[in-house]
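Okay, so we've got a single protein chain in two different forms coming up as structure tokens, structure 1 first and structure 2 after it.
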Structure 1
């Protein structure tokens, strides 16, 4: 039946709303092949409908199936694109290797261009008042306090704070640091906030 593969693709995507699944290249290829077959059948029958009006309904049903497959594929890709945008805000411009392998080449190219555009926009912010830009990804949620206590999860090395102080981040060491300095390192898994 028409559209079964595209429904399976959407169900896979819906099952894992919070995470990004492996790009399903094989199923997308099968759906596009089905769409090509439907289009060719429609073209043949559409040319024959001038003599045989009974084919008109068949052509309309196939065309509806083509439109449905197209809308579902676009919904699948749009959903993935939104998840990739969220990854940019969470992880920054460099994706971890385990997440990178979930993307197709075209998706990774889109991620790189989105990341470049976002960085260009952030650099342009505040130039009229003398700043070199504002990092919008720094505080995704407003901080409850100016300083937080954090635990270092890995041997990171030296971290220079905005005020010029240098702190050595060693595994299992705790620090009381400004929230703005820690947010990126917390998202990268280097620090963990202690509650």
Structure 2
């Protein structure tokens, strides 16, 4: 009750700093229940302090524990929010199902809102001079050459290029393509740059 459970939660997430874990709904529920228990104990003892003055210090100790639990829960969620943000920039606005599973419904809701906020901002860039917006999730690396050679890692299917050509991305096929059109697919792990 004095923060042990919530620390387990945080240690879990620190162990895997680079990836997102499954949302631990069960533990969070338990921690919130513990907080309610602490609160009730405090309510009872606060009423009894008129008879027993030293109970007041006990109430203060429990209060510190409540604050501690609150802080840790918020940190857990906030830390996950930061990782979920990165998901939008790396996977795009549609998450693969195995990633989607890792988020709670509320978190997916947040992801959608973040995505929408970002899209609204990007769409209105350059509006005054007739632009249709700029996709900031492209152009993430400084360009070194106009075309690059890539190896296709999975059976992706048809890809339509800007100039109208359609190419078939089959697993293990290689292609020589304009950098700008492969960037997203490379980031998503579908293509791999060779040479």
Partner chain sequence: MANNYLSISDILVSNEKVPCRFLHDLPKLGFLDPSCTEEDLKAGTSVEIPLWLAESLSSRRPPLVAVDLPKVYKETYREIFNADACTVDLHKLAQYFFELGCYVAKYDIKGEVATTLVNTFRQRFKMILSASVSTDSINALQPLSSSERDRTASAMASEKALSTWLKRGDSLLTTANMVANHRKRKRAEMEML
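Residue numbers count along the first chain shown, from 1. As the structure is a prediction and not an experimental result, all values here were calculated from the model. Here the rigid core means the biggest group of C-alpha atoms that line up within 1.5 Å when the two forms are laid on top of each other.
- For the form predicted on its own, the corresponding chain is the one labelled structure 1.
- Superposed on the core, the two forms barely differ at residue 38: its CA moves less than 2 Å between structures 1 and 2.
- Once the cores line up, the CA of residue 177 ends up 2 angstroms or more apart between structures 1 and 2.
- In this core superposition, residue 189 moves its Cα by 2.6 Å between structures 1 and 2.
- When the core is overlaid, the C-alpha of residue 157 ends up 4.2 Å from its other position between structures 1 and 2.
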